[in-house]
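Single chain ahead, written as structure tokens, the form predicted alone.
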């Protein structure tokens, strides 16, 4: 049976999938070209934009036929995936899938499905989107492969633990939870040892049993190297946005970050970011910014509003407002220095996954924002108070007040949600943005 599935996988992904996705890329290139006319306040996007869609789509396309070919794991975005990659697992990130649904603007029907089945509208909209997709079978990805393993890590939020326990019960498959102690100041050696023991004694035996093979140190080192290389390239790309004018805005970065989250640890991801770096560097060398006229530069804090990205990008660009960096996109690059290839692999993994911004105090995020304002020469901060992502939004009111009062940095709260359109008030947000523009001394013309 597995032989037939492997043949089908090879046939569909290579002989059918690749040509089909190339045709779709050509269509995307034409569609993107139409969006950017001479009157647009935005310059044309990177050439790699259409390929990005093809690259991510190819991952989901493979997922349609992967069952019986490779073991499949559904994982949280902050999970230590290098171990699974080294064992040959194919990975799906339900959070990223929910973001894809939001970006494609199909999320509200899925959210309604989940709510009809009893999920409260106070639950994270990613959870409602993904559970709605699971229950209905509807997804812009075509089909998601059923997982053999669930892996959740507590370093991003507590919601994922309840979410994955729901998945465990519904799908009747093993769940491994990696508990990462909250880091208030500096990471302590006992915290690293605590996480390392879980990786060795909780995750590894279950993953090896499902994969039907033992982890090889050589494979793990290779995967960590690919993760490190891709992460460093992503960090270098983001740091190019320190230049004026910025070659990218966060609305670009939110799209381009997909491979660093979903396909970290793959050689192809390193190649992708190598090509992207070259193109972004070329834009810097020719001083061609993402905006035709850059008048002010802002920091974005928290997740994007997936279903409003295009509209917000244009609205900002019309006033010459560039948002060259976000705490969210930067979080996927700033951990690169921790990936020390000379140290014990499990110790490195433990330290890296203890360090995400959401596993540290609100003071750490405030200091990070102040540092970014200085390094990227920013004029202010937009804090997206995300109704769904409570850990990321916690403390934002105090952070805004301290940015304004202590550091003399203009800052505003933008109340919305990453995926739920019912938490988005067009009129209220327009008024708040307009008031903030006035504070920054920016008007039309």
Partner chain sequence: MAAHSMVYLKGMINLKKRSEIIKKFKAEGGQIAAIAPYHYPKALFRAFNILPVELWGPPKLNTLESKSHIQTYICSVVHSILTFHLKGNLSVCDYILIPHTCDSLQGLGSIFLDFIKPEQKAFTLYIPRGRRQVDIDFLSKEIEKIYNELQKATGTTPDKNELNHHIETEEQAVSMVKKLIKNRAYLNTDDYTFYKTIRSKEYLPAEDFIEIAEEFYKTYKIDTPLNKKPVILSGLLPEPMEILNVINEKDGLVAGDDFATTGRRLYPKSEGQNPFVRMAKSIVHSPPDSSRGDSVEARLNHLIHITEKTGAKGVIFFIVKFCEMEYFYLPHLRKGLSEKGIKSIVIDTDINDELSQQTITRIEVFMETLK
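Residue numbers count along the first chain shown, from 1. Since this is a predicted model, take the numbers as computed values, not measurements.
The same protein also exists as the form predicted together with its partner chain; that form is not shown, yet it is the one meant from here on.
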ask   = Hey, in the model of the complex, is residue 57 touching its partner chain, heavy atoms inside 4.5 Å?
value = no
query = Using heavy atoms and a 4.5 Å limit, would one call residue 385 a contact residue for its partner chain in the model of the complex?
reply = yes
message = Is it the case that residue 396, even though its partner is missing from this view, gets within 4.5 Å of its partner chain in the model of the complex, heavy atoms only?
response = yes
task = Evaluate residue 402 for contact with its partner chain in the model of the complex, applying a 4.5 angstroms cut-off between non-hydrogen atoms, and reply yes or no.
result = yes
message = Exactly one residue in 68, 41, 391, 45 has a non-hydrogen atom within 4.5 Å of its partner chain in the model of the complex; which is it?
response = 391
task = State the residue from 136, 368, 159, 239 whose non-hydrogen atoms include one within 4.5 Å of its partner chain in the model of the complex.
result = 159
ask   = Using a 4.5 Å heavy atom cut-off, which stretch among 345-353, 73-81, 281-289, 123-131 contacts its partner chain in the model of the complex?
value = 123-131
key: 117, 191 and 415 each touching its partner chain in the model of the complex (heavy atom, 4.5 Å)   = yes
task = Using the arrangement in the model of the complex, list in sequence order the residues of 144-179 with any heavy atom within 4.5 angstroms of its partner chain.
result = 154, 157, 158, 159, 161, 162, 163, 165, 166, 168, 169, 170, 177, 179
